[in-house]
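One chain comes next, on its own, written as structure tokens: the form predicted alone.
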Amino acid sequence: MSTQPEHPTLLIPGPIEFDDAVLQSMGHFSQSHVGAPFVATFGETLSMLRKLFQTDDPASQPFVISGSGTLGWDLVSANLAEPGDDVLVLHAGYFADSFADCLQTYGAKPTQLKAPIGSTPQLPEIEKALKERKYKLLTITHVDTSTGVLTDLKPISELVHRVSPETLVIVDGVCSVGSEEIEFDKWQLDGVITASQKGVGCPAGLSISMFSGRAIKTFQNRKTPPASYFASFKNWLPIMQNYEAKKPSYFATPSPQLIHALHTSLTQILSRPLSERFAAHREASQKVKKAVADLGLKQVAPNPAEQANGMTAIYLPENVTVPVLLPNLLKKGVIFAGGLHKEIATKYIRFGHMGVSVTDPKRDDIGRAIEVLKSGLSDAGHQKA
């Protein structure tokens, strides 16, 4: 049984429910951030991230920096793009707009390739765009948290390497790492950015990323210095290399408690094959999506091949409103998220199903949430046609 105080089950697309041991790690006694015990923990954490991202290339480099997933956009924009560089941003929802804004802030020229709401850009149109202009980077939101749309990384990366091999393939994996398959080396990815509070299963506060040797070389060959101090690879690259080599190093103070929590979470994740973890998320996802269909409801992402495994975005019946439904679900002990995409925000809700809510067989978070959703919709007057 959990030792956590009784609380409503948090089933939004992050932050998620956390394992007791992870939360207990947050209560670790105070340590020096340059002392040998903490340096060893941080070094092991970075090495475990290589296994999570599935890279054994010594030229690639993991980064763990205090901040949110948003900091990942700055790491990419400040270090890999220079003023005037063209960047192709694949748009599958709200977060592509934000990534484009960040790139523009640093002087890059983002071009958004927008898909209809609930879908993702298709290979022919991506190929056409790549042939029309030389892009320094191509960015992909792996799972757009606003729509629940999953973009298939492998064929896009293959396309980029075939049509525009100098273009770096950058993935916003904030809502995918830990719940969706990512093979960094095999798929020839150049950067994946994420955060601690979603599929990785650790409290919020850490920006986590992996960059390829090719991306690091792109940074090293810059003609202009990075326009950020805190997000600069110049400052962080030697720190991460030193920590991974178990050498004390300092640029900005990390959070020892959050690093301990991440170390615990990664230890749990890697205690069994990653294939089993991803299979558990697919199974839970199918259970949720079947329940949605059985209720006569539609998903924001209608194509099964483009539906995320760690969350589901659900259109509400016309007679049910978000401000009525969500408080009712809260009273029943489950927290879902409202809509985020500005064009449809009032029409749908989001159900997060990742991490321990999916992988811990002792928990019935998903099954109970489905029943709560059914009863909440019934209370609001919805009856399946």
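These figures come from a predicted structure and were not determined experimentally. We number the residues from 1 along the sequence you see.
The protein also exists as the form predicted together with another copy of the chain; that form is not presented, and the subsequent description refers to it.
Q: Just one of M26, V324, I344, V356 has a heavy atom within 4.5 angstroms of another copy of the chain in the predicted complex, so which one?
A: Partner contact (heavy atom, 4.5 Å) among the options: M26.
Q: Quick one: from Y94, Y315, F278, F219, grab the residue that has a heavy atom within 4.5 Å of another copy of the chain in the predicted complex.
A: After the contact test, the surviving option is Y94.
Q: Based on heavy atom distances of 4.5 Å or less, which listed stretch (84-92, 204-212, 307-315, 131-139) is in contact with another copy of the chain in the predicted complex?
A: Only one stretch passes the 4.5 Å heavy-atom test: 204-212.
Q: Is W187 close to another copy of the chain in the predicted complex, meaning a heavy atom pair under 4.5 Å apart or at it?
A: Answer no; every heavy atom of W187 is more than 4.5 Å from another copy of the chain in the predicted complex.
Q: Consider Q122 of the chain shown here, and say whether it contacts another copy of the chain in the predicted complex, taking contact as heavy atoms within 4.5 Å.
A: No, Q122 is distant from the partner.
Q: Whether P226 contacts another copy of the chain in the predicted complex should be assessed with a 4.5 Å heavy atom distance threshold; does it?
A: P226: yes, in contact with another copy of the chain in the predicted complex.
Q: D294 versus another copy of the chain, in the predicted complex: is there a non-hydrogen atom within 4.5 Å?
A: D294 lies outside the contact set for another copy of the chain.
Q: Using the arrangement in the predicted complex, list in sequence order the residues of 7-42 with any heavy atom within 4.5 angstroms of another copy of the chain.
A: Contacting residues: H7, L10, I12, G14, P15, I16, E17, F18, L23, M26, G27, H28, F29, S30, Q31, S32, H33.
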